[in-house]
Ligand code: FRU
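For reference, the chain that follows is the form predicted alone, supplied as structure tokens.
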């Protein structure tokens, strides 16, 4: 009997250990997809970054968040702060849904002049401007279920109080009426709101963030119109020669260059009331599949002088079903937006911020092929006169990503990149026309579940997510002079 009891004990122990090992293996597999030098929520769902503002040494990142599930649901504003845009401290949820609806995307500003009356000139308030989305009105088929509300903080963004007379901008009867990006306009001496309205942009003005008047419209007959316009941003930029132009970001879903969601931009002039684009061309901030709803930080100090951007690293084609378990989605690397004159028009460059170099170790040069010393790496090389190359990242599972340029077309092939069966749109070969770009340098940032490619320091950018079962650890460069420099990158995960 003792022997039988002992054998039964061993059997149960082995079963428990097998179950524990299985669960640990499964957990580690899912956790292996968590980016190591990109921001991710601790748990739950995340999409659009919003409310980004800099105040007293801290970059605030708010984001669309559903804490109770890893799929999209009732939206909150998640919250994190950073001293360098790289290492983040998670803070409690800033804004919760209430009787007026869910808390959709928007922006935040420092009300330095206390125009709102929520603070004082000595202690200016942070003011968040966001969209209320009323799910009851939506379900009932009404067209006025999206309105704009505000909230404020007088303790460096740690706690927020909603304005007791919300909404501050009611809906005139348009289903898509959302994502306010607000900034102070020095010329007109008032606040200007850039709002996405169905398939165009509307501009509003206010003296105090509470009372809003419509100024003008833009975009009814210009730009990409394959889907709903979302998450706009409006700001001035000055180039290296002192020329200033205004930039307008507009996200669109669907209708991006790789299908699904993406963000277009326009360069032109804004006189405090009307935006006029320099031309009718459609330009994209990123030609990959996975950079959406990105906007810039407000109130960056003049002493810094940069316009700083971050985006949501996913695509609405498959965002709800990517193979992660406890959390979903990440942000892109933060990038500096630079105005660049090219021929007779202005374009933008998106350059990885200098702060990323704090994660970068000493680089080593290789010719042709290399085994990565770290799965987190920066791969750099110069493109020769042929303007053609093939770069392959792979692992022992024969999973690979192939990036190639042939006859002026860049292809990004993730059809055998790892886990791809969660959505039919994911395993694709994406193409980008680069015939108009004289390629000189390539930088590729490799994280566990993402690749970000920068041509000529951001003249063209491709961001793509991937889900290899093992980290890529082999790199092969094929071209006439296949010399590359590879630097390890450190994790920000504590």
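Numbering follows the first chain given and starts at 1. Not measured: the values here are computed from a predicted model.
Beyond the structure shown, there is the form predicted in complex with beta-D-fructofuranose, which is absent from this document and is the topic of what follows.
Engineer: Tell me which stretch of 107-115, 68-76, 323-331, 134-142 has a heavy atom within 4.5 angstroms of beta-D-fructofuranose in the predicted bound form.
Structural biologist: So the stretch in question is 68-76.
Engineer: Tell me, yes or no, whether residue 399 is in contact with beta-D-fructofuranose in the predicted bound form, where a contact means a heavy atom of each within 4.5 Å.
Structural biologist: The answer is no: residue 399 has no heavy atom within 4.5 Å of beta-D-fructofuranose.
Engineer: Contact between residue 178 and beta-D-fructofuranose in the predicted bound form at 4.5 Å, heavy atoms?
Structural biologist: Residue-level check for residue 178: yes, a contact with beta-D-fructofuranose.
Engineer: Quick one: is residue 292 in contact with beta-D-fructofuranose in the predicted bound form, heavy atoms, 4.5 Å cut-off?
Structural biologist: Judged by the heavy-atom cut-off of 4.5 Å, residue 292 is in contact with beta-D-fructofuranose in the predicted bound form.
Engineer: Any of the heavy atoms of residue 235 lying within 4.5 Å of beta-D-fructofuranose in the predicted bound form?
Structural biologist: Result no; residue 235 lies far from beta-D-fructofuranose in the predicted bound form.
Engineer: Do all of 359, 374 and 490 end up near beta-D-fructofuranose in the predicted bound form, with near meaning a heavy atom within 4.5 Å?
Structural biologist: Not a single listed residue reaches beta-D-fructofuranose in the predicted bound form, so no.
Engineer: What is the one choice in 246, 184, 366, 316 with a heavy atom within 4.5 Å of beta-D-fructofuranose in the predicted bound form?
Structural biologist: Comparing distances to beta-D-fructofuranose in the predicted bound form, the residue within 4.5 Å is 316.
Engineer: So beta-D-fructofuranose isn't shown here. In the predicted bound form, which residue out of 193, 94, 348, 231 has a non-hydrogen atom within 4.5 Å of it?
Structural biologist: Contact check passes for 231.
Engineer: Can you tell me which residues in 33-51 come within 4.5 angstroms of beta-D-fructofuranose in the predicted bound form, by heavy atoms?
Structural biologist: Contacts from 33-51: 47, 48.
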